[in-house]
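Just the one chain here, laid out as structure tokens, in the form predicted on its own.
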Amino acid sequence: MANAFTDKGNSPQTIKAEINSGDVSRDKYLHTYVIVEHEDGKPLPVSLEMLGEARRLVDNFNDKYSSKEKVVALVLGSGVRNLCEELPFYGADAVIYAESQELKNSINLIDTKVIADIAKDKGPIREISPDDSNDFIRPRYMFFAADNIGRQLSSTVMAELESGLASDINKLIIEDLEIKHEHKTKGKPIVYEKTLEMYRPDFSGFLWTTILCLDNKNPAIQRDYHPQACSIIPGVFSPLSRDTSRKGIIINYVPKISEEDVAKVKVLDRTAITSSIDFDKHKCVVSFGRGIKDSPEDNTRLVLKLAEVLDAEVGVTLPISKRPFNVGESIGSKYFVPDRVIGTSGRKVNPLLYIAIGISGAVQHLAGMKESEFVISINTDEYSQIRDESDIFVKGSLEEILPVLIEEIREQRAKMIMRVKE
């Protein structure tokens, strides 16, 4: 895997011909596999989001390359047949499911082996695209959820398949790219066809990192890296509307699970843990970013006081969840956490009132709060990007503004209570 650049100095047509002449088959990598997570017989929202994005990508792919590639959903579990019947309604052309009591609970060791076996098996392809089954080696692309299960599963599956992985992705494009790389192309510009460009925000939140999973075309180290795979951040893509007119084939895959694998890990009890942070229950969300830097703990307490008087939930930007400042454990463990991140790397919110404190306005954060009804921003930089998304922009330091704002809200609330009593 490598970050790559393009060089327009040579003829793409000439280089493309050289590549194709050395390939075993133009169709040895086929289809987009989506790993579906589910709970109590229902797919997790992120799984439907991935199916929707896969459907859009594959439709464009087929139009562009005159192909007939498919969106293939992979489901592991016990008693999942009814779930499989639903997935074509959300964009899957085919569903491959492995059903076993040993797959009832997600155990990484077993799930990894079963998914890797399915990815290498020509059998399901004989039903999905019979004309291509003899040439099939691996899926072309593979999507996992960037959640607690998917992040680990994606890494172990791709290690088993000996290919690359891009994590926490929030934008996908398929293109033909002309690449010149010292090792992968031996310094020659070569066209990599049907390359999945995988985008993710960098730590600053203002720049995009493009990740490519590229084959080695250098004869000295030649080898392929497929599937091109990534884990996708929940909430980034929109699922398709349920459409019962969509049809798909459903394939029962019999997994090979050894007694040795089962004996290594046993689930004695299982309780699903949901986030205790519920933004939807609050009409107001107060979020803060690195603008608290001058006095992190004191300024965080000011933000919490404002949230308290407004009965608001507290959100943070992605950098804050990485704990860039020294604060007490009571605050850090409760507020400097990924569960509170708003943006493409976290949650989307749409409260009646959104207050952004010390937040510059990286595009990834804006994507998580732009549907708020009314936005107030407090920032010392009047040219910060958050200003363009704000209904009211207050230029100034939070240390000066928040105490005044908190006191004014308290006074107004006291007056309202007095009027009600009268």
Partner chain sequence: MENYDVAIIGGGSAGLAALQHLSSLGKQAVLIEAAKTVGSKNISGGILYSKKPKNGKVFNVEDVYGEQFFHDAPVERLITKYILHTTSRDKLYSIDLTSAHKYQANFGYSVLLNSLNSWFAQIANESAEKQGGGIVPGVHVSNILFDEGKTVIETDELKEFGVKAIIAADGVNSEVADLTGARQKFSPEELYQGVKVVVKLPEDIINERFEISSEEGAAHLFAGDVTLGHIGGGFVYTNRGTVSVGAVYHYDSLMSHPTEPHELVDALLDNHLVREFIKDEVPIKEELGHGLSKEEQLKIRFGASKLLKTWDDLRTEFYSVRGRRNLIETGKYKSEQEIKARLDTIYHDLNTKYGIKFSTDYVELEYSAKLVPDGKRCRMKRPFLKNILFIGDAAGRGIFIGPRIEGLNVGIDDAVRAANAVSRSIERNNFSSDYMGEFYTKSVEESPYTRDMREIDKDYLKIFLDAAKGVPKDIIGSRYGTIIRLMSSGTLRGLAVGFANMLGYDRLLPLVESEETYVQVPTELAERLGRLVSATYTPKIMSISQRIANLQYDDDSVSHIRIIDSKSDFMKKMVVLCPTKCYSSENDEVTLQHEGCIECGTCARETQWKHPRGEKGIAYRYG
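Positions refer to the first chain, counted from 1. Throughout, rigid core stands for the largest set of C-alpha atoms superposing within 1.5 Å between the two forms. What you see is a predicted model, and the numbers here were worked out from it, not measured in a lab.
One more form of this protein should be noted, the form predicted together with its partner chain, which is absent from this view; the next part is about it.
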Q) Does Glu389 reach its partner chain in the predicted bound form if we count a contact as any heavy atom within 4.5 Å? A) yes
Q | Exercise: Phe89 in contact with its partner chain in the predicted bound form, heavy atom 4.5 Å | A | no
Q.
Taking its partner chain as it sits in the predicted bound form, is Leu83 in contact with it (heavy atom to heavy atom, 4.5 Å or less)?
A. no
Q. Using 4.5 Å between non-hydrogen atoms, is Tyr253 touching its partner chain in the predicted bound form?
A. no
Q: Work out which of Pro319, Pro189, Pro239, Gly123 lies within 4.5 Å of its partner chain in the predicted bound form, going by heavy atoms.
A: Pro319
Q) Ok, Asp294, Glu329, Glu308, Asp131: which has a heavy atom sitting within 4.5 Å of its partner chain in the predicted bound form? A) Asp294
Q. Based on heavy atom distances of at most 4.5 Å to its partner chain in the predicted bound form, which listed stretch, 135 to 143, 67 to 75, 90 to 98, 320 to 328, is the contact stretch?
A. 320 to 328
Q.
Within 4.5 Å of its partner chain in the predicted bound form, counting any non-hydrogen atom, which residues from 335 to 369 show up?
A. Pro338
**Q.** Did Glu297 shift 2 Å or more between this form and the one not shown, C-alpha, core superposed
**A.** yes
Q | Large Cα shift (2 Å or above) at Glu329 between this form and the one not shown, core-fitted | A | yes
**Q.** Core fit, then Leu44 C-alpha moves 2 Å or more between this form and the one not shown
**A.** no
Q | Sense of CA distance change between Asn148 and Ser372 in the predicted bound form, threshold 3 Å | A | closer
